[in-house]
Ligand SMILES: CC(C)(COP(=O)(O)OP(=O)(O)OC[C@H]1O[C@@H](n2cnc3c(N)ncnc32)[C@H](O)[C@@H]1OP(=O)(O)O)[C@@H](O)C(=O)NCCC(=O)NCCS
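Shown below, as structure tokens, is a lone chain in the form predicted alone; questions about how it binds or moves come after it.
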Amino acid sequence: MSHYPPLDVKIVTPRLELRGATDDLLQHLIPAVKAGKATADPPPWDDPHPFYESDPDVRVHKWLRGIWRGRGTVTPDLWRLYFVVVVDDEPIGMQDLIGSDFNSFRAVETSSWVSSDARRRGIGTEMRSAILHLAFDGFGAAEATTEAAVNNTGSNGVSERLGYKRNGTSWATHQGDPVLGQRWLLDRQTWLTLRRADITLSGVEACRSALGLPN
């Protein structure tokens, strides 16, 4: 136990675990970040933007500071939960869940990355399924959104497989260059029709209290 409830949440599926991103777990991801294995082609949004720093040490330092800053600014109005993706006891990436005015809108957003040497194995779909289970079953979300570059077939494919519907496009930047993004929306009713029975949650009630979520 970390004595900080958002770090004590665990989501378990038959293929992987999402564990609260403690500093110990983050240490295991540093080699992948330092080696540039957290980036993607085509690139996602600049989130986390430090992944595109040319200096490996600066890349790691900015990435860690961003997570620490996010963990330290959790409020009922805005929170971001960071999870490390663990497969066969090996940390291979991260899956985040973001809530903005959640108590009013019951909406969440997801963001993730997987080390380049662990891709194309269905891990992206499984980790998204896991975080959606926390959002809808654990937190009672009404909808979940995500976004990816229109030519990012991997991320967009995950969204489509999990029942999301296309929800328009928007412009963002990658290292100053414009990137057209595909927005996706998954509502609670659709998720319920696809709800899995083989995903378990732990540590949720204490986390709900820490986030100021209603019962």
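As the structure is a computational prediction, the values presented were derived from the model and not from experiment. One rule holds for the numbers: they count along the sequence shown, beginning at 1.
Another form, the form predicted together with the named molecule, is not on view; read the next lines as being about it.
Participant: Quick check for you: of 184 to 192, 26 to 34, 53 to 61, 153 to 161, which stretch puts a non-hydrogen atom within 4.5 Å of the named molecule in the model of the complex?
Facilitator: The contacting stretch is 153 to 161.
Participant: Any chance all of Ala141, Ala144 and Arg196 sit within 4.5 Å of the named molecule in the model of the complex, going by non-hydrogen atoms?
Facilitator: Not a single listed residue reaches the named molecule in the model of the complex, so no.
Participant: How about Trp113: is it within 4.5 Å of the named molecule in the model of the complex, going by heavy atoms?
Facilitator: Heavy-atom contact with the named molecule at 4.5 Å: present for Trp113.
Participant: Does the named molecule get within 4.5 angstroms of any non-hydrogen atom of Ile123 in the model of the complex?
Facilitator: Ile123: contacts the named molecule in the model of the complex.
Participant: Would Val84 count as a contact of the named molecule in the model of the complex, using a 4.5 angstroms cut-off between non-hydrogen atoms?
Facilitator: Flag for Val84 set to no.
Participant: Within 4.5 Å, heavy atoms only: does Ala118 come near the named molecule in the model of the complex?
Facilitator: Yes, Ala118 is a contact residue.
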